[in-house]
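Only one chain comes next, encoded as structure tokens, the form predicted on its own.
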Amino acid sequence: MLRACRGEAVDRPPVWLMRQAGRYLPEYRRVREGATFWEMCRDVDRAVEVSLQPLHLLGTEAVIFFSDIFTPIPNLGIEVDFAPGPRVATPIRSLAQVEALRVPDCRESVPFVFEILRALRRELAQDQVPLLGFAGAPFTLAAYLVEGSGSKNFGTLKQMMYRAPEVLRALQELLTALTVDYLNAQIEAGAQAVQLFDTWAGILSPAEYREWVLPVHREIASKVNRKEAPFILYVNNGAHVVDEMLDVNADVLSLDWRIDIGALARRAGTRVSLQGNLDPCALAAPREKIFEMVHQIARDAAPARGHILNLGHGCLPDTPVEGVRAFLEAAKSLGSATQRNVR
């Protein structure tokens, strides 16, 4: 996988799934029993166990540590709960609120994150399977912090862009500093690649993305220690901003299913590797159909500098386990003919 991230020669696309440790696995539900989601994120032993389940039970080719994009947020001085998504007790609506926040040293504020990563790296030492870290992107974190919870259109956030842009800029600046520090600390603790999740940047027009998000993505990409860990960028519902995403200078662009991966592979050339991009709902299809779709994605993505098979979003709670298994087996059935060797 790490070779594919860097555009080096591989015999076939590697494969893992976003949100691969989750409620679709009965084994996950057993470990989770009696614990809240927040408690799971802080329990080193349980987090390590569920992080490893997709590797041991299904054979994924990367392990992403179990956590949430909001894990470092409470230590800024923000009260957050899950019901089940993040809910902010006092939404950020003023510059004074932003100025009252402080970015702590995440190594001290969320030490359990790095204990989890170090434990996983030890567990994976003999497996030759990479360990992935991740963080939520500043715009997506800001969307929740300003709105107070999830939303269909994030109207309060978008109004802030026009009525009080200085508040959103200050908030994103603070969250960018947090994100860079958090990802670099994960790399120090053993993460071998890191992914930035921008779940809500897709609500923006291309012009808005260029103004509000592209500079932030570029800054993070330039400050993360990419000598030690490739940087993967994911923007959900981002087909209309994919040309702008190319300008981030990430190592890998992770794509949702709305993007024509073949067209982008030809357009991107040697600039970036690609990840994706099967619709998670397609895992409900018959095994033969999943094989057909995976093989088609691999053929389409073959002109890319490198390709990592993944979903276009995370596994859904009702995802059939047999669908996940078929997806992984289909990826492993691919040969070198589907992946261009980079000279």
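Since we're looking at a predicted model, the values are computed, not measured. Start at 1 with the first residue shown and count on from there.
From this point on, the text means the form predicted in complex with ligand CP3, which you will not see here.
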## Note on the structure
Of 272 to 280, 288 to 296, 301 to 309, 29 to 37, the segment with heavy atoms within 4.5 Å of ligand CP3 in the predicted bound form is residues 29 to 37
### Task
Taking 4.5 Å between heavy atoms as the contact cutoff, choose which of 324, 334, 18, 25 touches ligand CP3 in the predicted bound form.
18
### Task
Go through 172, 199, 254, 192 and name the one with a heavy atom inside 4.5 Å of ligand CP3 in the predicted bound form.
199
### Query
Looking in the predicted bound form, any heavy atom of residue 68 within 4.5 Å of ligand CP3?
yes
### Query
Quick one: is residue 112 in contact with ligand CP3 in the predicted bound form, heavy atoms, 4.5 Å cut-off?
no
### Message
Residue-level question: is residue 86 within 4.5 Å of ligand CP3 in the predicted bound form, judged on heavy atoms?
### Response
yes
### Query
Can any non-hydrogen atom of residue 139 be found within 4.5 angstroms of ligand CP3 in the predicted bound form?
no
